[in-house]
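A single chain comes next, written as structure tokens; it is the form predicted on its own.
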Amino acid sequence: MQRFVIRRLGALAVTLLFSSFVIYGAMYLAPGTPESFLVQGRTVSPEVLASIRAQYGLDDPFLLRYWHWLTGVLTGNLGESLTTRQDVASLLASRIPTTAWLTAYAALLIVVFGVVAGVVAGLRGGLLDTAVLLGSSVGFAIPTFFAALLLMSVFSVTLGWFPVFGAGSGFSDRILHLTLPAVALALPAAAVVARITRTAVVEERDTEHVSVALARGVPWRTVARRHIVRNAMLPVTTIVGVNIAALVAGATVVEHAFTLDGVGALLINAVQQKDFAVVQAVALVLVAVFGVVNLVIDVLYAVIDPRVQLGGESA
């Protein structure tokens, strides 16, 4: 297990390096220049533009600029924002809590409603099963941004139950402010998780070993818990983990809709302004979160079923 984790962390480091190079190159080749955003549309002389490029090192070759950024990151320096002149690490530190609260809240909703609804529908069937299938189809078909607008229109503007903007302060206030954004973010993922969980449970419920256990007089609750739900959790763990990892990227749309000061909103502004240091830092965070979540999924596989092989070795 320890060797497997070390190998995966090494692979994650290589992935971060490759991703940073690709994203930095994409920003370098994208239309527009950073100095055009710095002057904010004002007419300036070529000498002023040249001095701005020299001040920010924009005249340096691409590989040299990337190398300067990479060596800074390895020493703990994420650089400065081109537009605000603030330290990028400070910018991230002020934005990460909002995104972390939002994604954690949405992940909880995915597990509670997606997994639980799928398990109950798969075990009981009937009208409840039909309702879960119908609800998951509708939830998956609604785009996140449209769901955000719909929730704001109904529960904030019309009913006035929840605030429209802001992330709140304090535990209860944050929960109140982030409920609608978390629901909008979790809705498509919860629908997918519910459908896949229901399918996995139904397949396990109809297996021969479950029939044999019931024929031998094992109580239904014991069979459901030990033989059906536990075995069905392997594919469910994968889909839950992938969807939770994707929440960090999907939060960008929700943060923009609800005007939240999270990492996603910071990324949108940085891309529009070609703020290389901010884009790179946010991209590293997203890739790192996705890699860590995938590692946790693999480890959970071994916890759920000790027969699972980790990197060719028995767990």
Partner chain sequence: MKTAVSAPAARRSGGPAGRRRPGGGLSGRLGPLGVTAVAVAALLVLAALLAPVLAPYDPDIGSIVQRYLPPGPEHLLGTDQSGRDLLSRLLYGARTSLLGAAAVVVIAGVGGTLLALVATWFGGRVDAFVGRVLDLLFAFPNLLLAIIVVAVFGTGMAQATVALAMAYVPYTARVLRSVALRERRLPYVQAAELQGLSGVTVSGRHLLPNIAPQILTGAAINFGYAMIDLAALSFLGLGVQAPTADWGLMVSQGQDSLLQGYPQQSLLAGTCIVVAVAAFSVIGERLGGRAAGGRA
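Computed from a prediction, not measured in an experiment: that's the story for all the values here. Numbering follows the first chain given and starts at 1.
Another form exists, predicted together with its partner chain; not displayed. Remarks below refer to it.
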Exercise for review: Can you work out whether its partner chain is within 4.5 angstroms of a heavy atom in all three of 89, 113 and 174 in the model of the complex?
Suggested key: no
Point to revise | Residue contact check: residue 150 to its partner chain in the model of the complex, 4.5 Å heavy atom | key: yes
**Study point:** Any non-hydrogen atom of residue 276 within 4.5 angstroms of its partner chain in the model of the complex
**Key:** yes
Review point. Is residue 157 close enough to touch its partner chain in the model of the complex, meaning at least one heavy atom pair within 4.5 Å?
Key: yes
Check your understanding: Heavy atom to heavy atom, is residue 146 within 4.5 Å of its partner chain in the model of the complex?
Key -> yes
Review point. Which of these stretches, 77-85, 208-216, 223-231, 160-168, has heavy atoms within 4.5 Å of its partner chain in the model of the complex?
Key: 160-168
Exercise for review: Enumerate the residues of 251-284 that have a non-hydrogen atom within 4.5 Å of its partner chain in the model of the complex, in sequence order, or give none.
Suggested key: 252, 253, 256, 257, 267, 268, 271, 272, 274, 276, 279, 283
